[in-house]
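One chain is shown next in structure tokens, namely the form predicted on its own.
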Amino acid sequence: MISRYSKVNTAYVSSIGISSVFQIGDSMEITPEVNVLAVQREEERHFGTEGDLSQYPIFQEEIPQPILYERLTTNFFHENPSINVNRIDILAISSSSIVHIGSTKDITCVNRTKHIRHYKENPHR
């Protein structure tokens, strides 16, 4: 199969962070991974003992993979082998994300985020 190529005149990205990728050109494999513990409190308090990710099973659990029961056969026809874009504006790429101008063989992104909220009073009463 003849692959397509991309032409982008201008790309502007304000921010890239936390295991993210802005890739121009072809690649074989991209595997960004990030573990995040996000603690929010109504009042600013730091206990100094937080941040041990081993306390939370979400950071050790195996990620289930899809089981493919059928053999997949695909065919593609690209009438025009080029993708032309004048300008790309991106505010932020974050938390195991990818913006890719080009082709890649394999992409596997993992984002494990544990959110904890501490309220002064129970908000569900």
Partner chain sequence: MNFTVVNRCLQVGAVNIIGVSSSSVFLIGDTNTITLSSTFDTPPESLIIGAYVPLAPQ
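By rigid core we mean the largest C-alpha set that fits within 1.5 Å across both forms. Positions refer to the first chain, counted from 1. All values derive from a computational prediction rather than experimental measurement.
The form predicted in complex with the partner chain is left out here; the points below concern that form.
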Taking the shortest heavy atom distance, is C109 within 4.5 Å of the partner chain in the predicted bound form? yes
Verify the contact flag for L72: yes if a non-hydrogen atom of it lies within 4.5 Å of a non-hydrogen atom of the partner chain in the predicted bound form, no if not. yes
Please check if I101 has a heavy atom lying within 4.5 Å of any heavy atom of the partner chain in the predicted bound form. yes
Check each residue of 56-88 against the partner chain in the predicted bound form and list those with a heavy atom within 4.5 Å, in sequence order. Y56, I58, E61, I63, Q65, E70, R71, L72, T73, T74, N75, F76, F77, H78, E79, N80, S82, I83, N84, V85, N86, R87, I88
Rigid-core frame, C-alpha of H100, shift of 2 angstroms or more between this form and the one not shown: no
Does S82 shift between this form and the one not shown by 2 angstroms or more at the C-alpha, the core having been superposed? no
Exceeds or equals 2 Å, Cα of E29 between this form and the one not shown, core fit: no
